[in-house]
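Below: one protein chain in two forms, given as structure tokens, structure 1 then structure 2.
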Structure 1
Amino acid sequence: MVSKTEETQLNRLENQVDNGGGGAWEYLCLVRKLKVRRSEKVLKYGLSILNDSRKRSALGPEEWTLYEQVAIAAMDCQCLDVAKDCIKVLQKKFPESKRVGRLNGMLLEAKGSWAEAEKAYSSLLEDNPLDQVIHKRRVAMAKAQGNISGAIELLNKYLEIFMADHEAWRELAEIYISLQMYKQAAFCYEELILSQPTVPMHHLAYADVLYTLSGLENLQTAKKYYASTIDLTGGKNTRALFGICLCTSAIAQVSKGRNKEDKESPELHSLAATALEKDYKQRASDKLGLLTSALRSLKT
């Protein structure tokens, strides 16, 4: 994830290059380092360097890195002839390279030649079954074709091998949520919380899924994870504060007629509501009345 400082630095450098102030190579390096997609800019400024023999030769070995970066950007922009030319240069320089082989597979994807791309990727996986990039390309290809069940199957197989890949767990969870498979999504977020217990967004997403599943036990657990999100963010997560209020109200409805021990204390709800009102007074005072009305309707 790109920090605000890094994003500011990137935007400042981009404006500098856009306005003719130089720094194209530094900009391209920063885009690559931060792993962000600025494909049109990368294509424009990358080609300005590659098409100038003096600038290109000054890069040394980094020239080949730039060819790869421009090839991927060109595919993003559907400039497939440019991508093809870049890959040809790389293939000539590195005829046995699996990395260039991946680029060829990506070019086939960009052309919509799914069967050929799958064949190319399968061949590369035979040589190196632990190539994470190719596994992920196959998932992306399944999603691009609308084969969501295939994407789920491939992601599950991938995670059997690469269990520590947080991005893959999050992607799988999001797919499950899109299909309303909330129990499966909850399992994914449990894995993420186990491996990254201090990341508040995992706690928040898990709480959202449990609240959606409903039922007394799920609601009580959701409330705990909304509370942990608030704790991890120093009380500054508005969504989690709302979650506390919603859970408390829902638990009260579900617990009607039950034993006293099943009922929730309204104290946490009161604290969350007070924090929300304070936040709205500071940042959205014109909507304070709407908030007060909504919270009143949730009172237990």
Structure 2
Amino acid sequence: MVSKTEETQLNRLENQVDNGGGGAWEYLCLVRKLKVRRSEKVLKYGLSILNDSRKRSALGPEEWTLYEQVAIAAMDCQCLDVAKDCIKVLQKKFPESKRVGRLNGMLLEAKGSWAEAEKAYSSLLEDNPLDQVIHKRRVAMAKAQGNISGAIELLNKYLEIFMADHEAWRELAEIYISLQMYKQAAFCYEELILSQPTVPMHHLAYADVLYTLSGLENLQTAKKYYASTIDLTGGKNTRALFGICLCTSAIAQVSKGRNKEDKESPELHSLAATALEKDYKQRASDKLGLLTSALRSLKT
């Protein structure tokens, strides 16, 4: 998961390389560090370095990391021959390597040879039962074959052992959301907020799920988490600002006719609405009219 600043930096670098301004190696390192999926670019720029013997030897021992990175990108782009070549080079250099064994497993996956890939992974796991990457490959394979319940089972088992893997929790949450299993998704986000309380994305996702679940209590809690998102992002998160307005409107709907003692204070809603209007006026003025009508329809 990448922060906004990191993403901007990456995109700037990507533009630079795209426009011939150099920095390909820097870009590839940043992609690796941030663990983002930009396979077409990685393939293009990675190959341009690998195919140039001078650039390649200038990398020193990082050359092999690049071969691995390009192999994976190639598989993602279905350029299996390129992947095979890269893996061959790595195999020659590191003949007994488990890491190369993993790449071979991934190649089988990319070809759709699920049973063989499963066999390869199982045997690698025998020698190394705590290899996180292989466990996650099996989740990915289940997902790729449409076996979503299998993926969920595997992912849950994985998280029992590796409970600090935040990306895995997020993946699980997203799978649950896609199946409309919102309570289970909420649980995942609760785990994430507990372990990373200052990451605003978790608060926002949790709020979104609670709002979707609906019910007065969930809506009130959602509002709190939209508020904490706004807090953690210095008021700059458009989704959270909208979230506040949606919550206020929904809460009013749900508690209509109930004599609620704790009347919702309208201040938070007006603050959020004002912040949105100010932002749209500055940066998206052609949509300001739409925003105003939308907010008006949400004001109860």
Partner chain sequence: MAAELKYEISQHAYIKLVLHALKHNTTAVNGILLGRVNPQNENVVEIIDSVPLFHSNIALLPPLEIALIMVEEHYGSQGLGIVGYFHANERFDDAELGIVAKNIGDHIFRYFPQAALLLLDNKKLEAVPKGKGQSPLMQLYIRDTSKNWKLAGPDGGSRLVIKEPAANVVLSDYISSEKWQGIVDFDDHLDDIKKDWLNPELFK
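These figures come from a predicted structure and were not determined experimentally. The term rigid core refers to the maximal set of C-alpha atoms that superpose within 1.5 Å between the two forms. Residue indices: 1-based, along structure 1.
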property	result
Structure, 1 versus 2, that is the form predicted alone	1
Test item, rigid-part assignment between the two structures: E191 alongside K88	no
Whole-degree angle by which the smaller rigid part turns once the larger is superposed between the two structures	13
N15 CA shift between the two structures in angstrom, with the core used for superposition	7.3
